[in-house]
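First structure 1, then structure 2: two forms of the same chain, each alone, as C-alpha cells.
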Structure 1
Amino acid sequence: MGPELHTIHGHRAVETLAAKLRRRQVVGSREAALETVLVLRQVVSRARFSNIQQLIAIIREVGRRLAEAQPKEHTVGNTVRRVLHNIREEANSATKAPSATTSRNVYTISKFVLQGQPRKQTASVPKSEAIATLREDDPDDPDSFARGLKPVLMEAIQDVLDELETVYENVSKNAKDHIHSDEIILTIGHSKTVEAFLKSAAHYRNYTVIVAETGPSYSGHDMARSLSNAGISTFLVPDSSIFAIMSRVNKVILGAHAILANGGLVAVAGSLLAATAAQAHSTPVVVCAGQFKLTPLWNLYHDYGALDFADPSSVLGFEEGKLVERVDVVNPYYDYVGPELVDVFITNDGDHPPSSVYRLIKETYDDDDHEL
C-alpha cells in the first residue's frame, strides 16, 4: 500500500489539478501533461524519503489520483510514467559505483532485441560520478539520501518539461522532407501539432491543404482559418466529400489524442473515415504526435470506437421534439484508427512505423508502471 494522499507534501496542488481535470478546466493533451509535470516537480521538491522506493510510492499515488480524476486524458498517466522512468534511471546512476556505470554502456544483440537501439547517455555519467556516495536508509542521517538526490531528480523532471514545451518545434523540424511542392494534403480537425507541422513546411514548399469541417464540432473551421492566415492555400470541405476528393489527395495528415501500444491511435471523430478512404485510394496516412501521447494500453473501447462523447444536441437538437423522444443520439468525440490504416508516425523523436510503437513504449516507460 502506498502513502495516503493527504500525508504527501504538496497534496493541495495535486487536489487542485485533479479538480481542474474533473471539471474540464484543463483541456488538451499537451496542457494536461504540462500541468502534471509542474505538480510532480512540486511534490518531489517537497517530498521526504530515505530510499527511492518511498519516492516512487509517493509519485505513483499522485499519478493514480490525477489519472482517476480524468481517465480519458491519457497524457496525465503517460507523463507520470515518464517521470518515474527518469527518476529510476537517475537513482540507479546515483547509488551505483562509477565502475558499475561503465558496464551499463555495453550493448549486446540480446539487449537490442529486448530494449531497442541504445540511447545517448552522455549527460548521466558525470551526474552519477558526482553523487555515487549516496546511501539509502542511512541510520545516522535519514534525510541525506533525499538531500543529495533531489537536485538530480529536479533536472530529470526538467528534461520532461523541456521536451513538452518544445514538442511542436521538434515534430515539425523535418516537415519539408515529408511535404513536397504542389502536393495536395488532407487533414481533419484542429490539431496544434499538425498545424505547426504544416506551417513549418510552408516555409520551404508551396502546397495546398484541404481541411475537413469535422462536424458537429466544426473544429476544422479554426484550422482552415489559421492555415489561411499563414499564407497557405487552404480549402474547407464538408466531411461527406472526403471520399470523393481522395483521388486528388497526395497525403493524409492526422493528429492523435493517444497512440496505443499496438500501433493504433485514438483521434478526433472523422479520422477513421479519412484513413479508410485513404487506404481505398492507396494514399499514405501520416500521423503527427508528440511522444508523450504514447500510451501503454491495448484495448480502449475499440469495439465502440470512442472514449468520450460530446453533446448530442449538436447532432439532433431538442427542437426536433417528436424525433428526439424516439431515438438515442450518440455523438462520439473520438475514433479508433487501427495500425493497418497508418503508414508512419512522426514524433519529436523521429519517424516510426506502427509496428515499432511497442518498442518506443518499452524504451519510454518501465513495465512496472503500466498500471499506476
Structure 2
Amino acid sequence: MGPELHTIHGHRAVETLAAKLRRRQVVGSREAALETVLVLRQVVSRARFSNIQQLIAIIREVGRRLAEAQPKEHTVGNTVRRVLHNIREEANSATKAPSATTSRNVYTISKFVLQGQPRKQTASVPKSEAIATLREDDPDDPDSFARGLKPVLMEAIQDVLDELETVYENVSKNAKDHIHSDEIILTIGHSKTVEAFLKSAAHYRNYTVIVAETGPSYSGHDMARSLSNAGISTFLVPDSSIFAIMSRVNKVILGAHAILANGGLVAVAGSLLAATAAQAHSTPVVVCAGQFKLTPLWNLYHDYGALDFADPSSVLGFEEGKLVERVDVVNPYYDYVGPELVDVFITNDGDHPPSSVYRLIKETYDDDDHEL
C-alpha cells in the first residue's frame, strides 16, 4: 500500500476537495476534472520523492481518496489516471529514454491488445538527453531526482489542464462537418459541450434545433434559451413527444457524463429515451464529449447503483405530506445508454465509433491504473 494520506504534503487541499465532492459542492464532469488537476498539481509540486514509484504511489493515494469521495464523478478518477500516464511517460523518457524507444519498436498485435498502441516518442528524445543524468534513489542527495524531474512533471500536468480548458473549442472545431444546412437536430439536457458544438456549427450552417425540456431538472429550458440567443432556430418540446417528432429529426446529439469502456455512456436522464427513439427511426446518434470523460469502467449488467439518484423534491414537492409518506419517488440523474444505440463519439481527439472506445482508453491510460 502507498503512503498514508496525512503524510502527503498538500493533503489539506485533497481533503477539502474530497469533502466538496462528497457534499456535491463540486458537480459536473469538467469542473470536477479541473479541480482534480489543480489539486494534483499542488500535490506533485510539494511532493518529496526519490524515485518515480514513490511519486506514483502518492498520486494514486490521492486519486483513490478523491475517487472514493465521489464515485459518481468518473472524471475525477480519469484525470488522476491521465496524470499518472503522462507522468510515467515523462519519467520514462527522462530516465531511460534510449532503451525504452528501442524496446518499444517491437510492435505486435498481441502486445497492442495487452498494452495499447505505443505513443509517438520521437518528440521527447532530445529532452531526455538533456536530463539523462537524473538518477533515481541517489543516496547522497535524495531530493535531486525530484528536483530534476519536477519541471517536466509540472509541464505534463499543465498539458492535462490545457486540454481540459480547451476541450469545448476542440470538440466543436469540426462541427460544420457534422451538421448540414436545413437539418433538424434533437438534443436533450444542457451539456456545455453540445452547446458549444451547436453554436460553432451555427456560424456556417443554418439549421434547426429541437430541445427536449429534460424533466425534472428542466435543464433543456436553459439550453433552448442559450441557443436561441445565439440565433439558432430552436424548439422546446416536452420529453414525452421525443418519439413522436423523431421521424422529422435528422440527427440526435447527446452530451455525456462519462463514456464507458464498452462504448456505452452515462448521460443525463432522458438520453436513453432519445437514443432508443432514434434507433427506432434509424436516426444517427452523435455524442459530443471531451476525452477526459473516457472511463475505464464497464456497465455490462446495467448496474442500477451506477446511476446517480438525486432527491425527490423536483419530482414531488416535500410539502405534499400525505404523498411523501406513501409514495416512493425515484429521481435518477443519469441514464445508461448502451453502445449499440450510439453511432459516433465526437471528441477533442477526433471522431470514433463506439467500438473503438476501448482502444482510446488503452491509449489514454495505463492498464495498472484502472483500479486506483
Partner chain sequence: MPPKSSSGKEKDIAEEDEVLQAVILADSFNKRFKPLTVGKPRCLLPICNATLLDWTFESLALAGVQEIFVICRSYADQVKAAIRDSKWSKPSTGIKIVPIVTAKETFSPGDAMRDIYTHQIITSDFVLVTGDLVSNVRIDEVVRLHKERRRTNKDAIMTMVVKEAGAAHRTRSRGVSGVYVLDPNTSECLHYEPVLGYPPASHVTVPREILAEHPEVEIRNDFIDCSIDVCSVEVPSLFQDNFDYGDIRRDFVYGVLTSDLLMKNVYCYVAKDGYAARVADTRSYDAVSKDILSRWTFPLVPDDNHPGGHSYEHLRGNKYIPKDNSVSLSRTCKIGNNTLIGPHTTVSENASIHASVIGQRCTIGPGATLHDAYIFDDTEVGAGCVVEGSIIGSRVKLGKGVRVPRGCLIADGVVIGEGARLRKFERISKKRVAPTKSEDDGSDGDDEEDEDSELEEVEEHQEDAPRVLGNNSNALVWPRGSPEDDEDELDDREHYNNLRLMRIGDDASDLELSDAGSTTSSDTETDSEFSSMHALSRTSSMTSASMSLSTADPSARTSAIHTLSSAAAETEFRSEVAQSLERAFAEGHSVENAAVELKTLRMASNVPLRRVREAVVGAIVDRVPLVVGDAAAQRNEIAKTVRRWGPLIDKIGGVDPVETVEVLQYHCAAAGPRQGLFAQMLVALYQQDLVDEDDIRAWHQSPAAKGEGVKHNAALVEGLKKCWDVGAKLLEQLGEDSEEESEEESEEEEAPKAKAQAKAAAKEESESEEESEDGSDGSEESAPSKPAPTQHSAPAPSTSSKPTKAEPESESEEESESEESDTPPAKPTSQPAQPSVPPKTAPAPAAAPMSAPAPSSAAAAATQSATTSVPVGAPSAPASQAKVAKAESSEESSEGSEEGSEEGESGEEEGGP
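Predicted, not measured: the structure shown is a model, and the values here were computed from it. Throughout, residue numbering runs from 1 along the sequence of structure 1. For the two forms, the rigid core is made up of the largest set of C-alpha atoms that agree within 1.5 Å on superposition.
S.K.: Quick check: structure 1 or structure 2 for the form predicted together with its partner chain?
M.R.: Here the form predicted together with its partner chain corresponds to structure 2.
S.K.: Superposing on the rigid core, do we see a C-alpha displacement of 2 Å or more at R326 between structure 1 and structure 2?
M.R.: Yes, because once the rigid core is superposed, the C-alpha of R326 moves 2 Å or more between structure 1 and structure 2.
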